[in-house]
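A single chain comes next, written as structure tokens; it is the form predicted alone.
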Amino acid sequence: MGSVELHGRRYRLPGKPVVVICIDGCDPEYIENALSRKLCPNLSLMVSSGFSAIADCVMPSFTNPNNASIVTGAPPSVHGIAGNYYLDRETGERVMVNDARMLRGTTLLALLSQAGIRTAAVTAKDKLTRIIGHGLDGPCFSSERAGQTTLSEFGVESVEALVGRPEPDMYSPDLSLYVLDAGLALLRQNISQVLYLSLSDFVQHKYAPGEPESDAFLLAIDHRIGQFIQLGAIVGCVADHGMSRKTDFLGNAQILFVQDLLTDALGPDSAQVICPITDPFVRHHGALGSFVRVYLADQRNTQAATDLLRQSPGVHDVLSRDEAARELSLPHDLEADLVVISQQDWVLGASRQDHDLSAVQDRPLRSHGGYTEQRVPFLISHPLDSEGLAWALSTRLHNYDIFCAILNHTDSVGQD
């Protein structure tokens, strides 16, 4: 039986199709709510006949760090990607993380493909392709740019030809469903055996559990999960983060602008505040999340800034650089002077002028990034073996354990 090893963890090579779906922003409440009303028969079957648990995502509870963790089986302190957006301390440049320059080491997907396992990665958000596809010898593309992607190397004219419909709108449920349909086509045409499919959280940012729009979206995902299972795949479902309402009882967004607060108290240019939720999908969240990083111009202001932030409305926690690296498993060399984490129903911004609030006023604000969005579903269509079950029940499961659970503790090594 062959295997590969990454970051101290060994993974068996599968003999069956394996599909891991990252349902972006899928707080466990979406699934709990749906199953309580007897919706989603395939998810229900995973819970009753496979393995199910509530796991944690990594902090900050954002897209990039968690997708990187899922495909490396490790926290950000190991793989190096700790946000969607960061400040380069040496140059002072603010950088969007949309490639693998910050990635330390390789990915499990790359190792599987190099070991002869036909592996593919399909994402909704194009920014992820160069991270999760780093070193991957196989198809890797996004639904966001489906109309601009050819797959001639794999005998397919284009992604649009593979899926059978045009590139979807980036602000639509179909951006995610397109990913699943592409995965189904790759499996049916025997192009790929292992699939990592990462969706978009457009629906979760806009609609709470139980609303008709979120129900319809989850039902569409459930239908496609059933198709993967019918094709003989072992299916795993996790999320990169949960999602919370960030409003008061009247539906007004509760926002603390940290840059403005520090400027008023400590003076102009006293600090730079980075919102690591920042990405091209501004209509999802307006770059407002529950986790920000503070870089101080003068370290003598550390205690004053910490005290000010801790007594500010909406703040749950303020951590020093050392504390953030140690307690949240973040790379110390890349961490800010202070990390600020909001309460569940608040978000944090930089300066008011930096955020276009009109982009998120169509619906009550929902976002993520903090401790309260760490809970994520952890579902597998097949049961774990006795060793795996003992491990899963005795440890703090993370979303990045999903490949280990499937490859090492189900019958994935058997032949179809």
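Because the structure is a prediction, the values reported are computed rather than measured. Residue numbers run from 1 along the displayed sequence.
Keep in mind the form predicted in complex with another copy of the chain is missing from the figure; the text below concerns it.
For residue 315, is any heavy atom within 4.5 Å of another copy of the chain in the predicted bound form, or not? Yes, residue 315 sits close enough to another copy of the chain in the predicted bound form that at least one of its heavy atoms falls within 4.5 Å.
4.5 angstroms heavy atom contact with another copy of the chain in the predicted bound form for residue 137: Output for residue 137 is no: heavy atoms all beyond 4.5 Å of another copy of the chain.
Could you tell me if residue 363 has a non-hydrogen atom within 4.5 Å of another copy of the chain in the predicted bound form? Looking in the predicted bound form, residue contacts with another copy of the chain do not include residue 363, since no heavy atom lies within 4.5 Å.
Find out whether any non-hydrogen atom of residue 299 is located within 4.5 angstroms of another copy of the chain in the predicted bound form, and reply yes or no. The answer is no: residue 299 has no heavy atom within 4.5 Å of another copy of the chain.
Given the stretches 63-71, 381-389, 367-375, 348-356, which is the single one in contact with another copy of the chain in the predicted bound form, using a heavy atom cutoff of 4.5 Å? Among the listed stretches, the partner-contacting one is 367-375.
If the cut-off is 4.5 angstroms on heavy atoms, which of these, 104, 223, 145, 245, is the one near another copy of the chain in the predicted bound form? None of the others qualify; the residue that does is 245.
Are 97, 111 and 278 jointly within 4.5 Å of another copy of the chain in the predicted bound form, each by at least one heavy atom? The answer is no: none of the three residues contacts the partner (heavy atom, 4.5 Å cut-off).
Even though the chain is shown alone, can you say which residues of 111-147 have a heavy atom within 4.5 Å of another copy of the chain in the predicted bound form? Residues within 4.5 Å: none in this stretch.
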